[in-house]
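First, one chain by itself in structure tokens, the form predicted alone.
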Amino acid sequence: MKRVITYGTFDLLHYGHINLLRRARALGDYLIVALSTDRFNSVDKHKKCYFSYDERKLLLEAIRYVDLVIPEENWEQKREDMHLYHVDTFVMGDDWTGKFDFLKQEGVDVVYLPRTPEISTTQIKQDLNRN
């Protein structure tokens, strides 16, 4: 079984997220989503989320492409996760291109997928703030 992993906040879940998850799952047989915890988002990423970790996890678990949701608690856990979950392919959006190439040393393929250009959580928040 080929295992794929991706990481993110997945707040205000939208069709761009679904596209990423669908394409990530197509690269293997089992998709793991490492979901940023509330603490990691607020303290380390300086992001404010609308939905709590538990709510975002519930949403992701309902998506047919997702097989397992785990907590992402810090930037450094990625190396360990590759081995702990026997990951074959690491996937992120192409706005992160090159940032995780060091994971190739852990024996995994690193893939950066193009984002859905016309949608983003940041754009949704900006649009809502204008109204």
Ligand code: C2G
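These figures come from a predicted structure and were not determined experimentally. The first residue of the shown sequence is 1; numbering continues from there.
What follows is about the form predicted together with the named molecule, which we do not show.
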- Task: Could you tell me which of 96-104, 61-69, 80-88, 24-32 sits within 4.5 Å of the named molecule in the model of the complex, going by non-hydrogen atoms?
- Result: 96-104
- Give a yes or no for Ile119: in the model of the complex, does one of its heavy atoms lie within 4.5 Å of a heavy atom belonging to the named molecule? yes
- Query: Could you tell me if Val108 has a non-hydrogen atom within 4.5 Å of the named molecule in the model of the complex?
  - Reply: no
- Do Tyr50 and the named molecule come within 4.5 Å of each other in the model of the complex, heavy atoms counted? no
- Find out whether any non-hydrogen atom of Lys45 is located within 4.5 angstroms of the named molecule in the model of the complex, and reply yes or no. yes
- the named molecule in the model of the complex - contacting residues of 9-37, heavy atom within 4.5 Å: Thr9, Phe10, His14, Gly16, His17, Leu20, Arg23, Ser36
